[in-house]
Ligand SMILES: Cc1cc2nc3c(=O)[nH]c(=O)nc-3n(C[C@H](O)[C@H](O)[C@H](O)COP(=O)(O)OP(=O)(O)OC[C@H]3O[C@@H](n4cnc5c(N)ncnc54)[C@H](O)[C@@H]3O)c2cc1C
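For reference, the chain that follows is the form predicted on its own, supplied as structure tokens.
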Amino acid sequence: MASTVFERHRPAASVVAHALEHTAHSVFWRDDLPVDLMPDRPPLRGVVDADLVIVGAGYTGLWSALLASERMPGSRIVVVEAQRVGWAASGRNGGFCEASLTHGRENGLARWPDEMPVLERLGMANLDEIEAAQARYGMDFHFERTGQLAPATEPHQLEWLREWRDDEPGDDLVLLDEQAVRREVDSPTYLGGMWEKRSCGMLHPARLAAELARVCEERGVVIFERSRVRDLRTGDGVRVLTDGGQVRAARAVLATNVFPSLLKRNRLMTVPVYDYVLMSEPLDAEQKAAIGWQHRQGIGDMANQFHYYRLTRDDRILFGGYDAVYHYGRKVRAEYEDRRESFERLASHFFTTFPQLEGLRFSHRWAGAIDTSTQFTAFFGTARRGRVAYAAGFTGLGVGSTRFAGEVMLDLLDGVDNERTRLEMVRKRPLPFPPEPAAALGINATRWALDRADHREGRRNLLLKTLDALGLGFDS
């Protein structure tokens, strides 16, 4: 098989070792939060009554709470969180806030081709609302409408770029040749690229979660932390039970994402896939000049096993992706988060991408579990005679679409018939993952096949072609 640029131009092992020598195993975004945005909220004790109870204080739960406070002024809304606000994926992602509700146009066209005009319009409107939320609610989550750059790093990916431009005409897309893309961001690995100018923004993930929680509380929402929900019961209403108490409510929203669902019907609907991230020290003026990047776009390359990277407000580089690791048994465990070989691989790929930054160190390394569904984007539904709504399966592209999910779940609870609830993406459930050992065999075989395709000029083998034909394929 052919090698990739990351194998052809590996940096010296000493460069990687030096860069990782003093790296803290900690989430930069949470370490970067001001103390006043991290209040220590009490756990749930005793019996609390509410009109709406929300399980999970990540983006999905917090957007749902904020939107519900606007729809139902004066209502009693309670959020119950097992850890801390924004502790899981919402506090440790890359901060790419995309307009796409379908994990990219190609994935959407493969599944809901007739609905794509509506989905794209709703997705862009949703992104506009997130951008406007900073001023509307007096929040600061470092939002920058930079767009996103997709560089080609292998010759066969240049044809993919041309096909993309032909299939998606419009002012948002700018096709760049090698010289033009390197004027934007100077990497010797870049052979061309596409700049999506308006459909993506960069933000500070932990600040978004913290600011959402702050605004929710200012509007009367009550948030309990360190209160793991053990059971969900329904009768005349809904009861959410923890070790320390319970919330009695008329209705509930489940926003547990990658963690085991409180509904038996959803236990096989998602699997946790681990993603790994490095954060560099801040670049000095000379280092910044060496790579350009004046427009501060988010970057995600064109490979199946892709890298994503972006600049922070203080000019650090976040560099993540490539490895997507599934562990047998679909468990979420802290010991899966410090995988040395993944961090070494990322550091090697970083210095292949930016050899002019040799000597730069990484200050932080971390990982998190992505809630992956077989349609590679969120699914929705209700349970318990319409009293409980849920959304999960965002598959690593939930920063923006969690707000849309909050709107959908509240629509479903209210029994609203609108263009959101009429979407096939909302009405139909994707196929579940099989139980073990079939899940591990299938997921790891697919990952191997995607890596093989990257080493065979993008050519997909029989497994990937079969998954494509069954509507289960994915091409990043």
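These numbers come from a predicted model, not from an experiment. So that there is no doubt, residue numbering starts at 1 and follows the sequence shown.
Note that the form predicted in complex with this ligand isn't included here; everything after this is about it.
Q: Using a 4.5 Å heavy atom cut-off, state whether Q83 contacts this ligand in the predicted bound form.
A: Judged by the heavy-atom cut-off of 4.5 Å, Q83 is in contact with this ligand in the predicted bound form.
Q: Check V222 for me: does it contact this ligand in the predicted bound form (non-hydrogen atoms, 4.5 angstroms)?
A: No, V222 sits far enough from this ligand in the predicted bound form that none of its heavy atoms falls within 4.5 Å.
Q: Hey, in the predicted bound form, is R111 touching this ligand, heavy atoms inside 4.5 Å?
A: No, R111 sits far enough from this ligand in the predicted bound form that none of its heavy atoms falls within 4.5 Å.
Q: If we define contact as a non-hydrogen atom of the residue within 4.5 angstroms of the partner, is R265 a contact of this ligand in the predicted bound form?
A: Because no heavy atom of R265 falls inside 4.5 Å of this ligand in the predicted bound form, the answer is no.
Q: Looking at 94-102, 335-343, 131-139, 372-380, which lies within 4.5 angstroms of this ligand in the predicted bound form, counting heavy atoms?
A: Partner-contacting stretch among the options: 94-102.
Q: Which residue, E154, E281, E184, D275, is the contact with this ligand in the predicted bound form, using a 4.5 Å heavy atom cutoff?
A: The residue from E154, E281, E184, D275 that makes the contact is D275.
Q: If the cut-off is 4.5 angstroms on heavy atoms, which of these, F143, W160, W87, W195, is the one near this ligand in the predicted bound form?
A: It is W87 that has a heavy atom within 4.5 Å of the partner.
Q: Of 299-324, which residues get within 4.5 Å of this ligand in the predicted bound form if you count heavy atoms?
A: Result: Y308 alone.
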